[in-house]
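To begin, one chain is listed below as structure tokens, in the form predicted on its own.
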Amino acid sequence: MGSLGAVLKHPDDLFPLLKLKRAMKHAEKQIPPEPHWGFCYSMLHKVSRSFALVIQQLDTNLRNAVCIFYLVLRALDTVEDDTSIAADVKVPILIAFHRHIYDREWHFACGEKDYKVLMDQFHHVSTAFLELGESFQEAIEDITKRMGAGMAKFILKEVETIDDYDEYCHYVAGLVGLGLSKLFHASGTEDLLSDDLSNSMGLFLQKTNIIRDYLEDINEIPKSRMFWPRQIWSKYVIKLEDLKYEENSEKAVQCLNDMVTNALMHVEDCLIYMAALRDPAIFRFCAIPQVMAIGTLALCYNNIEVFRGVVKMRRGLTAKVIDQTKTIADVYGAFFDFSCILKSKVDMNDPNAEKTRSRLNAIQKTCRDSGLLNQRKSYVVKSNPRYNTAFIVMLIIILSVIFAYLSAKRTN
């Protein structure tokens, strides 16, 4: 759960945090008994607990398909991310990966920690994949083939231009959006939404991750991973790694703001996509990561800490997003509020200030034009807490005593 200090500072976080913890415990108990499905869902909890939580809401058949789709692409991504694998070994594996998912015996040693386990025991994923319906299998194979080929292309090519950047993000994330749209359609619950809208859903998430993960990627051992396009960063520094040095702080923040402004171009497509979804479970599955992304960009914008350490939403706010993102009105409200926070941070001396404000104004107009902003209660903009600090401290003490008692009773 979130730290005591964070809860005391944001008392309204407490109950969403407790609900999130309870939901995660419940999700962990839903792991199927079959060994291969048990492995897949256990692995899903290890590599992405938030994804594992949201996926539980989906219909069983669709849930299984999305679980395997995620693990197949996570395995593909593990091969791409492992900088210790020589290009002449890595490229053929990426290109052929869509065939390996049909082979119950195939595995490949790479990655670290849980990802190494995933790769060593990939036969469980293949076994589960082969039990999916044919339409699900075809969609997963098609996206895996296209993504593997795209990843292979960028193993041998740098991200130079903004077009390169969009193309790379399409291969590693836009195709995920296309694949999920195909799986939703194959389940019979949604219309097949356009490739452009599906692509934007993936690009917005991927660009947010690339921005947030600058320091981790640039410090990667044995070789840096560089995804920020030269066309953007070369306006500010000579080498991409120069952004992390203190003497370049002003230029680094300007470059960061340029990157965030680029990512914002996908928001309107994302809002159109989410507004078109009919199934409530699919809607929440799609909407929660998108709200997390705009929230993360609001934190990252104009924030030098992106080049010093990890910048992410506090756990309590994450719990609120998961708990309170239920309708398209909630999504419009969150995007509007986070865009207000972003706009308040724009320095008019920033070289891209006008472009940033223009994109934020367009997002806010879309949210206003929905006519739904008055139907939500904001959890983003600060308000007076409903609970005082003394009450929160007392409640935490009581809950701790109860938890310790139950744990001791279970041991005995």
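Counting begins at 1, following the sequence as shown. These numbers come from a predicted model, not from an experiment.
Keep in mind that the form predicted in complex with a small molecule is not shown, yet the notes after this line are about it.
Although the partner is absent here, M201 is a contact residue: one of its heavy atoms lies within 4.5 angstroms of the small molecule in the predicted bound form.
Using a 4.5 angstroms threshold between heavy atoms, G177 counts as touching the small molecule in the predicted bound form.
Put simply, D77 is close to the small molecule in the predicted bound form: some heavy atom of it is within 4.5 Å.
By the criterion of a heavy atom within 4.5 Å, E268 is excluded from the residues contacting the small molecule in the predicted bound form. Only one of 228-236, 165-173, 88-96, 103-111 lies within 4.5 Å of the small molecule in the predicted bound form by heavy atoms, and it is 165-173. This chain lacks the partner; the member of A334, V125, L342, M147 within 4.5 angstroms of the small molecule in the predicted bound form by a non-hydrogen atom is M147. Distance criterion of 4.5 Å from any heavy atom to the small molecule in the predicted bound form singles out Y115 from the list Y214, Y115, F338, F129.
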